[in-house]
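The chain below stands alone and is given in structure tokens; this is the form predicted on its own.
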Amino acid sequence: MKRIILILLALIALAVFFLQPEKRTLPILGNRDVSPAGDTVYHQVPDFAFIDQDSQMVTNATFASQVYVVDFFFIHCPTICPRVKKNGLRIYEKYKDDDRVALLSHSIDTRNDTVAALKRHALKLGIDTKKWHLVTGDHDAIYGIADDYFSVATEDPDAPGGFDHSGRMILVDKNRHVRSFCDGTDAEDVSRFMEDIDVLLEEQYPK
């Protein structure tokens, strides 16, 4: 009888093990190459250097131990930016006290969105500037890095406000890999995106 009980317990343990749901992971997005040694080389966000609303230099090193959420905007945007920022504030509030997560917003209006203007905008949003960096910088550098985040940012005199840009929000891991994105104007998609952030945090910071 004792042997039968042990066998039953072992079978139950095996059943529990195999019936556990498979842990979800996020893909690494973008093109990939193969090194001469045969290793897979994934797309990475390149080196960058911008200035935030506190006149502080923001570089890759700023996010060295964090995952971060990226978007492109301009302060006087008459179309999608207010909706993207509203949903960005949802992400900010959820992870406000989580040092593993940060936010990075690039202004594409490098002429008008000065450091002082970005500071006023940050105060209006009510955000902690150590948590959410609103940055400006060299025009070509801002527009060039949008491609590396698989986003869109162009000057277009025919577009509302003079700029054509994506409302996409992008999730980047500690290794500079793009792991997920969402439509920042769509509240439901942003909710799904926050679930992706949680999945990435579990991967990057195992307990």
Partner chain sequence: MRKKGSYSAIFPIILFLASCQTNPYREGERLYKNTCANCHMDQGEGLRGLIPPLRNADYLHLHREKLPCVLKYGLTDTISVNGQTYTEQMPGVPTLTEIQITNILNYINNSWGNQNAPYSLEDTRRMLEKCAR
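Numbering follows the first chain given and starts at 1. The shown structure was predicted, so the numbers you read here are calculated from the model rather than taken from an experiment.
The same protein also exists as the form predicted together with the partner chain; that form is not shown, yet it is the one meant from here on.
Looking at the partner chain in the predicted complex, residues 80, 83 and 124 each place a heavy atom within 4.5 Å of it. A heavy atom within 4.5 Å of the partner chain in the predicted complex is found for exactly one of 76, 100, 94, 131: 76.
Not displayed here, the partner chain is approached by residue 89 to within 4.5 Å at the level of heavy atoms in the predicted complex.
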